[in-house]
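Encoded as structure tokens, the following chain is the form predicted on its own, with no partner shown.
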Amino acid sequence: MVIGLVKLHLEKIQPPRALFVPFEFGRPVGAPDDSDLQLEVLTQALNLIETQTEAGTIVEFDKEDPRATPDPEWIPPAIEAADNIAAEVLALKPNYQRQCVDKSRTAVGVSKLKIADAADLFDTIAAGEAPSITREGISANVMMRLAMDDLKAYYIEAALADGTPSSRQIYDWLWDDTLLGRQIKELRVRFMESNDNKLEKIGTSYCVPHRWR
């Protein structure tokens, strides 16, 4: 039994049983913290094992993710016009801390850098320097990518502190209205033009989602 987000893929692969869900990538059972919807998706998927006996059957889940609906009351975090990412990160700190207290967890930390150090790293890279921070067994390029993931997670969690914005609202804000988003988009172009094959691959595949390029 497979839960799938792309119906065309399910049609081509033809698993024994499949539940197609009309959710965003990364959310095969629905939005975070919506345990009722997640349980409903999993229950329907597992029921296919008993009810669907014809190979290649695709059943469509009949509900949309309610978190995909924009929140008209949501107001993006106030960051004003920061001169650098370090200043922007500092401005977002109260929002980020409130969200951490509310949810008792955070996705920030994959680079094992302090968020201020991750911000400083990106400020130096944006100024034209090459990635320089390494960790045992991890190259400077990979550390930069992990730091970028931490910064994006930090901004997203800060945006979730007030209201229930849709992911589209959050990403529009991140990529269009923050200095971090604009600088990552600029760095993507620079990396794609680099003679360093690993940097070129990061720019091509890992920096900015297609919708916001």
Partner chain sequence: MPKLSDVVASQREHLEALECPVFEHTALVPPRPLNECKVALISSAGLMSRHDDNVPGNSADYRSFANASTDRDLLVNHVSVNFDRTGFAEDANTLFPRERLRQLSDDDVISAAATEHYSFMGATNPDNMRDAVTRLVAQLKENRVNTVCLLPA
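Nothing here was measured: the structure is a model prediction, and the numbers come from that model. Residue numbers count along the first chain shown, from 1.
The next section is about a form of this same protein that is not shown, the form predicted in complex with the partner chain.
A.B. asks: Should the three residues M1, S35 and W212 be counted as contacting the partner chain in the model of the complex, with contact defined as a heavy atom within 4.5 Å for each?
C.D. replies: All of them do, each having a heavy atom within 4.5 Å of the partner.
A.B. asks: Heavy atom within 4.5 Å of the partner chain in the model of the complex: which of T124, T106, S139, Q97 fits that? Just give me the one.
C.D. replies: Of T124, T106, S139, Q97, the residue with a heavy atom within 4.5 Å of the partner chain in the model of the complex is T106.
A.B. asks: Can V110 be called a contact residue for the partner chain in the model of the complex at 4.5 Å between heavy atoms?
C.D. replies: Flag for V110 set to yes.
A.B. asks: Does E24 make contact with the partner chain in the model of the complex, using a 4.5 Å heavy atom cut-off?
C.D. replies: So E24 counts as contacting the partner chain.
A.B. asks: With the partner left out of view, is Y171 within 4.5 angstroms of the partner chain in the model of the complex by any non-hydrogen atom?
C.D. replies: Yes, contact at 4.5 Å.
A.B. asks: Against the partner chain in the model of the complex, would G181 count as a contact residue? Criterion: heavy atoms within 4.5 Å.
C.D. replies: G181: no, not in contact with the partner chain in the model of the complex.
A.B. asks: Given a 4.5 Å distance limit between heavy atoms, list every residue of 127-153 close to the partner chain in the model of the complex, or none if there are none.
C.D. replies: R135, I138, R145, L146, D149, K152 sit within 4.5 Å of the partner.
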